[in-house]
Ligand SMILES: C[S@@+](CC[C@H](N)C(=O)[O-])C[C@H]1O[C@@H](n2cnc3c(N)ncnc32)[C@H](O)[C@@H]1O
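Only one chain is included here, represented as structure tokens and corresponding to the form predicted alone.
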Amino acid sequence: MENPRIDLVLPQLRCPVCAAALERTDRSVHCAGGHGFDLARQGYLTLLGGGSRAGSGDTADMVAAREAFLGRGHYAPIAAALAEAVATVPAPDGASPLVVDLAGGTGYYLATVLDALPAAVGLDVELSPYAARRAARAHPRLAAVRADVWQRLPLATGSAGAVLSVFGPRNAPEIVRVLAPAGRLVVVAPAQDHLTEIIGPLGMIGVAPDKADRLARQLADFAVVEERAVRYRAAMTREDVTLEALMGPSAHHVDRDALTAAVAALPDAVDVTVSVTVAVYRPA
């Protein structure tokens, strides 16, 4: 097997069992301690250690809905703002900068960042195998690893120039550990009015009132470098809003028949508020 994309990031990867460096032989990766991991036919590498939630992660239907929705461009301004924010991160000396997207899904946002940073390589860390297989082909300079972001990340200490968290979980101690000395964390989080026109009618999970306070507590070991609000109205069809409801956590809670009925009661086109903050942090 010649030059799989995992080779782009292999020097920064570490064994999830013993934290040793990894080497690849054809379709397998192993460490000096004898722990081995197979490279999937779709191109992603599974690096799950003990205690990982191996059976969880987004379902195939959720991932398919997300890929379809994001492909329609409704969140392209968010991806562009994210890329602009990452471009402000100081480039490390020596090797190509590594951008790590935690719970990066299908690789949509990371691919946009890599388009704006031609010298960078990307790593999508994602628990769902359905998302990982899509991320593995999202960009020529993007590798995908299946791992649990709530466990020790299978990355060398100080290896990441930037870590991204886009609508996802944030394991602050591990982010601090893997960031390079001048590295930055870039977080995209929903504002209170995000999707306000459809959350109620479709029975979706809304933004918790204490979201900002919880984020500040989670990232108490970080200082804000800059923060930008991204807010606009997106014209969505009934199919678009259905995909929106089925691509995230709300998919676990909505009744499909009730969702179909609720969507049918909407106008043919709905102007939906998209409202997020894009913030750059440095370890305090």
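Residue numbers here begin at 1 and follow the sequence given. This structure is a prediction, so every number in the text was calculated from the model and none was measured.
Quick note: we don't show the form predicted together with the ligand, though the next part is all about it.
Engineer: Heavy atom within 4.5 Å of the ligand in the predicted bound form: which of 251, 29, 70, 236?
Structural biologist: Looking at 251, 29, 70, 236 one by one, just 70 meets the 4.5 Å heavy-atom criterion.
Engineer: Sort through 147, 195, 143, 175 and report the residue having a heavy atom within 4.5 Å of the ligand in the predicted bound form.
Structural biologist: Looking at the other structure, the residue within range turns out to be 147.
Engineer: Out of 135 to 143, 104 to 112, 198 to 206, 175 to 183, where are the residues with a heavy atom within 4.5 Å of the ligand in the predicted bound form?
Structural biologist: Careful reading of the contacts points to 104 to 112.
Engineer: Give a yes/no on whether residue 121 approaches the ligand to within 4.5 Å in the predicted bound form, heavy atoms considered.
Structural biologist: Taking the distances in the predicted bound form, the answer for residue 121 is no, it never comes within 4.5 Å of the ligand.
Engineer: Could you confirm whether residue 49 comes within 4.5 Å of the ligand in the predicted bound form, counting heavy atoms only?
Structural biologist: No, no contact at 4.5 Å.
Engineer: Using the partner position in the predicted bound form, report whether residue 166 sits within 4.5 Å of the ligand, counting heavy atoms only.
Structural biologist: So residue 166 counts as contacting the ligand.
Engineer: Looking at the partner-bound form in the predicted bound form, is residue 159 within 4.5 Å of the ligand by any heavy atom?
Structural biologist: No, no contact at 4.5 Å.
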